[in-house]
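Just one chain is shown here, as C-alpha cells, and it is the form predicted alone.
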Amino acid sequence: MTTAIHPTKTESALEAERCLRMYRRMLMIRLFEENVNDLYTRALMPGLAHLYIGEEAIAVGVCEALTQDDYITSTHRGHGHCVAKGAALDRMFAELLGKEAGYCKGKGGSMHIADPDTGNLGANAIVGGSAGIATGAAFAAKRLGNGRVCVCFFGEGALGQGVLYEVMNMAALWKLPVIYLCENNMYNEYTHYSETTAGDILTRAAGFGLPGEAIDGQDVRAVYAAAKKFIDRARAGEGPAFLLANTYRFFGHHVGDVSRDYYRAKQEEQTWKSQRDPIQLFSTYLVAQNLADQARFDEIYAEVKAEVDRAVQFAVAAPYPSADKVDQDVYA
C-alpha cells in the first residue's frame, strides 16, 4: 500500500490566496456598509450606525494575522471588525434591524454586536470602553496558557481616556498578549484630533515600554505585516505592543452626519476617496503583480454582492422579538 504525497503550496501561492482573501473581505465590508446606509435612509433601521467605509484595510489586515481563537474588542464603528473576524452577515443585519435572529436578539443594535464563536468580544459604544475588556482577555489567555492574543481596536478619541493608560501599564508590567491598535481617522466626531491630542501619539505607548509603529492604514499589506509581527511577538510571550494606523472615514461620523462642510472640506474628502481608497489601492497592486484582473474582480464582486443581498433579505424578512421577551437578556 502506497501513500500519496501531496506537494505543499509554495509561499507565492499562499501569498496569492491571502491577497485575494483580503481583497474579498475588504469588499464585503464596503458592500455591507453601503447597505447599512441604504437601510437607514429607507427608515428600515432604528437608531444610527457609524460607517467603516475607507478604513477597511485595517480590520482586514489585522484579522488576517489572527486565528479564529484569538480575541478582538471593537468600537462604536465596529462593523468592519466584526466582518473581518468572520461574523455572519445575516445575523449582523438582523441585529441592526432589531430582529430576534440578530447576535443580541435585536436588543443591542449597531454598537453592541458580539460573536464569541469567532473571538469577537464585542463592540462598545463607550469611547475607550473596550480597553479593559481586551486587557482582561489577554490576562486570562496568559494565565490559561492557551496561546491566544487579543487586539484592542480604538479610535484616536480614546487617547483622552485614562482607562487606556491604566491597562497599558498593567499589560506592560505583566507582559500580556495584547495589541493596542489606534485607528486614527483624524476626527473625534466633528473635531480634528490635533485640537484634542497633545504630543506624539507613539511616545505615549513608549512611555510604558511598549514597542510601537505607525502604519499606513490604507495599505492592507502594510497593516498585515505590522500586525503579524506584533501578534507573533505577543504569542511568543514577549508582551504587548501599540500600532497607530493612520486612516480616514470617507463619510460622516454616523449615517445622519450628511453635511460636513462646517468641520472638514469637501476637497479633503474627495482627495482621500479618489487617491487613498484602500480597495482601489489594493486592486492596483494585485493587477501589477498579475494576481488578478478585471474579470476576477468582477467575479468576486458578483459573489460578494449576492451574499450581502441574501443577508439583507433575510434580515428584512426576519421577525421582531415578541413583546414577552422585553425583559429577557437585559441586565441594566
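Worth saying up front: this structure is predicted, and the values here are computed from it rather than measured. For every residue, the number given is its place in the sequence shown, counted from 1.
Below, we refer to the form predicted together with a small molecule, which is not included among the displayed structures.
For the three marked residues, Y40, L97 and G109, no heavy atom of any sits within 4.5 Å of the small molecule in the model of the complex.
Although the partner is absent here, Q161 sits close enough that one of its heavy atoms falls within 4.5 Å of the small molecule in the model of the complex. Mapping the unseen interface onto this chain, L144 falls outside it, with no heavy atom inside 4.5 Å of the small molecule in the model of the complex. At least one heavy atom of N185 is located within 4.5 Å of the small molecule in the model of the complex.
Contact check for R260: every heavy atom lies farther than 4.5 Å from the small molecule in the model of the complex. Proximity to the small molecule in the model of the complex, defined as a heavy atom within 4.5 Å, singles out one entry of C104, A222, I201, A125, which is A125. Proximity to the small molecule in the model of the complex, defined as a heavy atom within 4.5 Å, holds among R148, K85, H76, R91 only for H76. The chain is drawn here without the small molecule; in the model of the complex, the stretch among 172-180, 202-210, 236-244, 126-134 whose residues come within 4.5 Å of it by any heavy atom is 126-134.
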